[in-house]
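This document starts with one chain, in the form predicted alone, laid out as structure tokens.
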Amino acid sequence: MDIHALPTTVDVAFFRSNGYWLSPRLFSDAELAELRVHHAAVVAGEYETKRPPLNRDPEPGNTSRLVQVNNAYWTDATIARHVLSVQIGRIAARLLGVKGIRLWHDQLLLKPPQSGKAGNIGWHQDRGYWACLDRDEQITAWIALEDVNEENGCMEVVPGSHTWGLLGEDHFYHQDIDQQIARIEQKTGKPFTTKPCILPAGCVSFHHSLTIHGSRPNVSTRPRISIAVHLIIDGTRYRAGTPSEDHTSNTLRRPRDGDLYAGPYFPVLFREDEPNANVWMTAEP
């Protein structure tokens, strides 16, 4: 991974204005080749560590629609090494203007070729699923393991939508994405204009948790494969009484109101005063 590719002050200003930022290439050819092999193994249900993911949908063997595997980093040391990258944490901290970043959870994603609407990801804000967090700012790093463009259903964002507030549009699996657009425009009184996140393999997109995003069908003959790394600010606490109390990350340990998200289930990627801090686990405590 390129340890020198940090966002400039211009990049940070772009992120804060638009709610997303596309990195230069961070992963080498060798790293990408290794990650693709391990990504395919996890999709097939082969878990190097013998520890299954937190959950997955669908089960191994079904690649006719979008595949999503949560906490895939438990299953494979190579995936863990890159999901928990100090460099990704450092970039996230700089974009948010904070001193420390922890993992919330990761998602291994596969959008199969020529999958039509079954590969759609509806327009949504990640924050809608994460209301149990006591901060409004979180960030996702989306790692492209293959070239990603409009043909194979790249992620699209609505620039500036992170300033619109929480809209209640939490429809990850909603396949009629055009129907959603009219509803969002009516709610906000703003035009719904998307920007495709076209990424060469090895680049990473970063988006704010309130940024509206989704993706259209993969009409190509090649899969869209990626890993999403969902990150929270170090010091984030649990807020009780929200619709997301049953978020999968809360099932790892049932928190009480005000509890810190800390410990091995929410490992530190980066701390400004501990630049090499990176503590994680692959086995049950």
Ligand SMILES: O=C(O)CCC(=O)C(=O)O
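Numbers for residues come from their place in the sequence shown, where the first is 1. Model, not experiment: these values are computed from the prediction.
Below, we turn to the form predicted in complex with the named molecule, even though it does not appear here.
The contact residue chosen from 140, 71, 87, 115 relative to the named molecule in the model of the complex is 140, the criterion being a non-hydrogen atom within 4.5 angstroms. Though the named molecule is absent from this view, in the model of the complex it lies within 4.5 Å of a heavy atom of just one residue from 233, 26, 35, 228, which is 228. The closest non-hydrogen atom of residue 155 lies within 4.5 Å of the named molecule in the model of the complex. Contact between residue 124 and the named molecule in the model of the complex is found at the 4.5 Å heavy atom cutoff.
For residue 102, no non-hydrogen atom is located within 4.5 Å of the named molecule in the model of the complex, even though that partner is not displayed. For residue 224, a non-hydrogen atom is located within 4.5 Å of the named molecule in the model of the complex, even though that partner is not displayed. Looking at 190-198, 79-87, 159-167, 207-215, the stretch with residues near the named molecule in the model of the complex, meaning non-hydrogen atoms within 4.5 angstroms, turns out to be 207-215. Residues from 90-111 that approach the named molecule in the model of the complex with a non-hydrogen atom within 4.5 Å are limited to 109.
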